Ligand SMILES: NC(=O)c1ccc[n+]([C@@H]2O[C@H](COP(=O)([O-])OP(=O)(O)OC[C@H]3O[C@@H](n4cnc5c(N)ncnc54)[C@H](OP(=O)(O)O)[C@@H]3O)[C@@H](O)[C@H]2O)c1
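Take a look at this single chain in structure tokens; it is the form predicted on its own.
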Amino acid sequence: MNAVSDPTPSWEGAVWVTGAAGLIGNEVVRLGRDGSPSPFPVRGVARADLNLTDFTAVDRLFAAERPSAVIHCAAMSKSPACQRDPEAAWRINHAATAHLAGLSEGIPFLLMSTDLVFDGLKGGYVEADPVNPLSVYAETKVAAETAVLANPRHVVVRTSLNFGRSPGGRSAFNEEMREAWRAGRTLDLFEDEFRSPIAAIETARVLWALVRGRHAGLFHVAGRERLSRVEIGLLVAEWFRREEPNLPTPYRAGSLRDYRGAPRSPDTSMDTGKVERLLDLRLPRFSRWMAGSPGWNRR
């Protein structure tokens, strides 16, 4: 899949989608243009187009294009990179978000956030549960959420692992797994670490529904299934073996009890009932989606 490029320099009134060269952002742009649930033109804003931490440049482009809404997917999203360079993580994930949300005071603004704002000691998290971030990445996302939700008309969406094909072929968790297997590595997967994975196209559909409906507040958008890292790995391996029958997919099942690295949240599975009730939809179970279910089932 190639990144979606803008065919024209005139974007007045378009919906801005930041992070357009990433997995979710590219899906949002593609869906907005192809299927279009969007009532407006869609302007993909990638890093090559605009440095979101250059506030002067952001102000200038925002004033020139006057977007009708902003779906903010851009982020420094790799937790190890954030741990290595917390200053950059805070600048990109918090400061740039707060600035862009401020510019969008009078228009719909949606921030993509993460299940990792939780410490994972509970699982089945609802939106009202208290956050307790364990990493720099999660800390910056909690701060960004607070900045965005200070405007009662804005939206924050927390999601989990998103499956798909990114423009560069390296953004999705499944792409990282495939590259490891192609390089002959054996993956260490935990039996007692749980997430709620979802396909990026399903996430993109919900984002458009929230923006188009001018909904506000905090929502969890994830798969309706609590899966361990081992279970997720097996589903991804089966998927890739359909595309590459000879691809070795070795893994070792381990336990967080034996892990000695940076803190990890053991169970960040999320309850998606709030957004399902609001939009009258049922989000897919990841295992069913991977097996070929259409996944976007109206009640």
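Just so we're clear, the structure is a prediction, and the values are computed from it rather than from any experiment. Numbers follow the displayed sequence, beginning with 1.
FYI, the form predicted together with the ligand isn't displayed, but the following is about it.
Engineer: So in the model of the complex, does any heavy atom of residue 199 sit within 4.5 Å of the ligand?
Structural biologist: So residue 199 does not count as contacting the ligand.
Engineer: Flag residue 137 as yes or no: does it have a non-hydrogen atom within 4.5 angstroms of any non-hydrogen atom of the ligand in the model of the complex?
Structural biologist: Close contact exists here: in the model of the complex, residue 137 approaches the ligand to within 4.5 Å, heavy atoms only.
Engineer: Residue 31 versus the ligand, in the model of the complex: is there a non-hydrogen atom within 4.5 Å?
Structural biologist: The answer is no: residue 31 has no heavy atom within 4.5 Å of the ligand.
Engineer: Does the 4.5 Å heavy atom contact test between residue 230 and the ligand in the model of the complex come out positive?
Structural biologist: No, residue 230 is distant from the partner.
Engineer: Where, among 241-249, 42-50, 59-67, 260-268, do residues come within 4.5 Å of the ligand in the model of the complex by heavy atom distance?
Structural biologist: So the stretch in question is 42-50.
Engineer: Which residue among 204, 156, 222, 75 has a heavy atom within 4.5 angstroms of the ligand in the model of the complex?
Structural biologist: It is 75 that has a heavy atom within 4.5 Å of the partner.
Engineer: Since exactly one of 14, 279, 290, 21 fits, which has a heavy atom within 4.5 Å of the ligand in the model of the complex?
Structural biologist: Checking each option against the ligand in the model of the complex, the one that comes within 4.5 Å is 21.
Engineer: Heavy atoms within 4.5 Å of the ligand in the model of the complex is the criterion; list the residues of 178-207 that meet it.
Structural biologist: Not one residue comes within 4.5 Å of the partner.
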